[in-house]
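Single chain ahead, by itself, as C-alpha cells, in the form predicted alone.
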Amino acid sequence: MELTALTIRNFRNLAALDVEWPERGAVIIGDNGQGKTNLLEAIYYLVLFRSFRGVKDRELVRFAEAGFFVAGSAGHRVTAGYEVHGARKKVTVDGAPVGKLGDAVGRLLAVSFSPADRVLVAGGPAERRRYLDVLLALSDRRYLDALTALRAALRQRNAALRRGLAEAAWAFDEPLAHAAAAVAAGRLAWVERHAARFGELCAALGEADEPGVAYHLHRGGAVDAATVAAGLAGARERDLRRGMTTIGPHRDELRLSLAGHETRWVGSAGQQRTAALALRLLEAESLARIHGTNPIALFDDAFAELDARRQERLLSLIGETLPGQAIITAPRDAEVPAALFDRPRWQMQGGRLAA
C-alpha cells in the first residue's frame, strides 16, 4: 500500500499541509516540537479514526480553530473531519459518507514504530489488550463488530451497576456474554497462532532469554458464551457492590515473558524495546498476509535508542516484513540509518515541510 497524497488542515500544529508522497516514502528531519510526530499521527488517524496517542479528537484541533480535516489517498481516498461544536466527526471513502466508522476502518493500513512502544511491554495489561484489539479489528470485520458490541454492553451494564439498578444491569448479561466470548476467542486464537513467530522475531533482534507470549483468561473468562454467562451470573453480587463488571475480556492479559518470567518486571529497557519491536513487526506481517498488501511503515525516531547491531538486525527484518513505503522522522540525520536514505530527505519546521 502506498500513500500518494495527504491533505491536513488544523491538526495539532499543522495548519495547512498538502503533500504528494514518493513511492518509497521520505525521511523527515526536524527539531523536537516542529510537528514530525503530529504528521505521522495525522496519517494514522485515517487508519482507525482516532489518535494513536490515545487523546480525544478535541485535543487534536489546532489552537483556536473550529475543527480539523485530514485526507489521504492510498488506493481509496479516505477523509476525516471533526468539528468542535457538537463534537461531530465525518468520514468519507471515495467521496461517500460512511454510516459507521467500522465501514471505513482499515481502508488505509499503517504500522507505527516509536520508542514509546516500550509501553506495550512495560505498561499495564490495558496497553497489550489495546494492541490486540487494534490489530484484530484491522484484520477481521467480525472481530471489530464483536468488540464494538462488547464495549457497548459493558458501558451500559456498568452504568446500571453504578446506579445500583440490578435488574437493568443483568439485562445486558446475554449480549455481553456473546460478545465477550467472540473477543476472547479471537485474541486467544491469534496469540496461539503467532506465539512461535514472536519468539523468532525476538531472537532475530538479538534476544537470547527464551522470549514467550501467551494469552491469559481472567477468572470467569472463556471463549464460549455459556461459560461467560455463568461467570457473570456468579459475579453479580460482587459487581453490584463494586459498581463495575469484573468478568470478561476487558480483564484478560497478553503476557510477555523471558525465561518464564514477565518481561515487564524482569526485562531490561533493551529487552522490553526488543519485545515491542517484535510485536510491531508481527503486526505488520499479520496485516500484510490478511490484506495482501504491505502496510505503510511510520518510523517516529524509532532508531534512536538502538545500538548499531540492533539497528542492523531491525533493518534486515524491516526489509522482509515491510518492503514498501516508509515515512521516517528524526531530529538529526545521524539518527537515521544510512540504509533508509534511499528516499527523499525533507525538512520540517514550524509545522511546514520543505524539500
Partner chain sequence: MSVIEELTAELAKLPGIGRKTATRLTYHLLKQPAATVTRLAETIRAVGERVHPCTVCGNLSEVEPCPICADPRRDGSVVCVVEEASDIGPIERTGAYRGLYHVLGGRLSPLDGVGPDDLRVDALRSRLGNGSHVREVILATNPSMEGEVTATFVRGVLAATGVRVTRIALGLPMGGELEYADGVTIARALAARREMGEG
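Numbering follows the first chain given and starts at 1. Here the structure is a predicted model, which means the values were calculated and not measured.
Below: the form predicted together with the partner chain, not depicted.
Using a 4.5 Å heavy atom cut-off, state whether Glu167 contacts the partner chain in the predicted bound form.
So Glu167 counts as contacting the partner chain.
Find out whether any non-hydrogen atom of Gly234 is located within 4.5 angstroms of the partner chain in the predicted bound form, and reply yes or no.
Gly234 lies outside the contact set for the partner chain.
Going by a heavy atom distance of 4.5 Å, is Ala153 a contact of the partner chain in the predicted bound form?
The answer is yes: Ala153 has a heavy atom within 4.5 Å of the partner chain.
Spell out, yes or no, whether the shortest heavy atom distance between Ala160 and the partner chain in the predicted bound form is within 4.5 Å.
Judged by the heavy-atom cut-off of 4.5 Å, Ala160 is in contact with the partner chain in the predicted bound form.
Every residue in Leu101, Leu138 and Asp140 with a non-hydrogen atom within 4.5 Å of the partner chain in the predicted bound form?
Negative, none of the three is within 4.5 Å.
Among Tyr215, Trp190, Phe172, Tyr82, which has any heavy atom within 4.5 Å of the partner chain in the predicted bound form?
Partner contact (heavy atom, 4.5 Å) among the options: Phe172.
By the heavy atom within 4.5 Å rule, which residue out of Ala185, Val266, Ala149, Ala71 makes contact with the partner chain in the predicted bound form?
Looking at the other structure, the residue within range turns out to be Ala149.
Can you tell me which of 174-182, 117-125, 270-278, 235-243 lies within 4.5 Å of the partner chain in the predicted bound form, counting heavy atoms only?
It is 174-182 that comes within 4.5 Å of the partner.
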